[in-house]
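One chain follows as structure tokens, the form predicted alone.
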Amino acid sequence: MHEYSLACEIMDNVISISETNGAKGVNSITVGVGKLTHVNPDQLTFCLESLVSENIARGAEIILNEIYPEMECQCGFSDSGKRFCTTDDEVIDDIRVFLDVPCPECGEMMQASGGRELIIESIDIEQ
């Protein structure tokens, strides 16, 4: 479960940034998680919630935002990967959906770009 080590690194950064800015507490932590990171969002949330109980971030809300890859074709067409992992009202939560995507313009296979990010998007601190 590499999510725990990732959560520890995120929390180290949150604590460091909070201390640098003289925070009295942390209200929320927003993390962007790319759909191609191989990170389980539920496990990452669980690990972060476990870690915040031990430090200045106690009680902070954990918010995870999904980051979809950009799908690009050699013909010049591009669009958000989110478009290609939904059917009707259902979202397909499987990274394999980004592997074999025909271009809606020319029919050639598209390439995924991005979606591998794991970033702290924001930290809401109390001063």
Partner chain sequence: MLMHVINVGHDVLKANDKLAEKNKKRLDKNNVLAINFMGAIGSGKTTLIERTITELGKKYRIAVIAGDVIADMDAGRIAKLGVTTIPVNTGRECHLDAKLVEKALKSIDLKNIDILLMENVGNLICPADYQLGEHLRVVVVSVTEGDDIVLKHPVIFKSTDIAIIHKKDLAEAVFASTEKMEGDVRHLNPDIPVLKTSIHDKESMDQWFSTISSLADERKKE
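Positions refer to the first chain, counted from 1. All of these numbers come straight from a predicted model, not from anything done at the bench.
One more form of this protein should be noted, the form predicted in complex with its partner chain, which is absent from this view; the next part is about it.
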Contact with its partner chain in the model of the complex for N27, defined as at least one heavy atom pair within 4.5 Å: yes or no?
yes
Is there a heavy atom of E108 lying 4.5 Å or less from a heavy atom of its partner chain in the model of the complex?
no
Can you work out whether I95 and its partner chain are in contact in the model of the complex, taking contact to mean some heavy atom pair no more than 4.5 Å apart?
yes
4.5 angstroms heavy atom contact with its partner chain in the model of the complex for S113:
no
Using a 4.5 Å cut-off on heavy atoms, which residues of 111-127 contact its partner chain in the model of the complex?
Q111, R116, E117, L118, I119, I120, E121, S122, I123, D124, I125, E126, Q127
